[in-house]
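A single chain comes next, written as structure tokens; it is the form predicted alone.
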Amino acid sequence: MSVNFALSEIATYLDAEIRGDSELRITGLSTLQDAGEGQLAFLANPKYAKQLSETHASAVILSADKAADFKGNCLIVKQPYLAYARISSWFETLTLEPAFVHPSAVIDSNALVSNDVYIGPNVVVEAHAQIASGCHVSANSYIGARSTLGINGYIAANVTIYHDVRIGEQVRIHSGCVIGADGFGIAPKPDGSWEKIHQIGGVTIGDDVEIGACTTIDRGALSDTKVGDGVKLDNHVQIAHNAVVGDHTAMASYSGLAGSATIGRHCIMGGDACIVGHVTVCDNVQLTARTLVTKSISEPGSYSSGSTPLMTTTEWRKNSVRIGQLDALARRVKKLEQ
């Protein structure tokens, strides 16, 4: 798909100050290092500033301080990365199919499917499921009984949505996701084996959510597992049964919430960060990569946890306490030395 925009059109959309040739034609986006003629690049991270003088981009999105020494065509904005994110939609190469139901799709007679949706090959829609206007459900995906998909939802190929899953509007779910599988609910029996706890809750997902490839969100044991509005989940994220993810929280790859864990609004979880079960994290918390949260957090801020050599749990618990005392101990030693 080819696109072609005047630099002035892009400037108007981004509310940017334009410097240079306003009629310059832009046909693509790229990085400062790789951009060529007709392409628009951006400078957001200061460590790439040295590439500005060497770029072959036809124009660059940057901040006023970086534009001062740049001689080329540019769009000046307060937040270059946000501006790049906004304009990226103009260059999206994914094309959605027009409304159509493939002959191989299996749709239960009791399902409610709007007339203006795309249903791809081998899609299965079970009884009393609802698919709203403007949705796109790609090949081999499955929508379980009584599950609902809101307006303009996008379901990529090979997505499984179990029964009793409620999904809001403008939600994108990528390939390999499983939404609504049973949570890990088992009870120990006297003989050392396990009794399954049947998971009779569902999953509720808000509006404007994006769920990365191979992410899993388990159904609740009794009440629903809940994902709020505007949540962004990377690939390979795990949300366990009855966990709650607050509005506009972002979770990077391999991060996860154990059963009944809650993370608040506007939080960020780095890669492989995890929250143990029945723990609550308040709003506006950042967890750096590989942080393990073992107790509730009630104050906004950034939190991290280190790693230790492999040891028994008893030893680990003792040493974790001692690690937290190292700074005070070091200060005492230094004072004694003085």
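On a predicted model such as this, the values are computed, not experimentally measured, just so you know. A residue's number is simply how far along the shown sequence it sits, counting from 1.
Note that the form predicted together with another copy of the chain isn't included here; everything after this is about it.
At a distance threshold of 4.5 angstroms between non-hydrogen atoms, Ala250 is in contact with another copy of the chain in the predicted bound form. In the predicted bound form, another copy of the chain sits within 4.5 Å of a heavy atom of Ser88. Contact check for Ser304: a non-hydrogen atom falls within 4.5 Å of another copy of the chain in the predicted bound form.
Another copy of the chain in the predicted bound form is approached by Ser30, whose closest heavy atom lies within 4.5 angstroms of it.
Only one of the listed residues (Val113, Val244, Ile76, Cys214) places a non-hydrogen atom within 4.5 angstroms of another copy of the chain in the predicted bound form, and that residue is Cys214. Comment: another copy of the chain is not present in this chain, but in the predicted bound form one of Ile151, Ala157, Leu96, Val101 has a heavy atom within 4.5 Å of it, namely Ala157. Highlighted residues Glu9, Gln51 and Val117: none comes within 4.5 Å of another copy of the chain in the predicted bound form, counting any heavy atom. For the stretch 184-202, the set of residues having any non-hydrogen atom within 4.5 angstroms of another copy of the chain in the predicted bound form comprises Phe184, Ile186, Ala187, Pro188, Lys189, Pro190, Asp191, Gly192, Ser193, Trp194, Glu195, Lys196, Ile197, His198, Gln199, Ile200, in sequence order.
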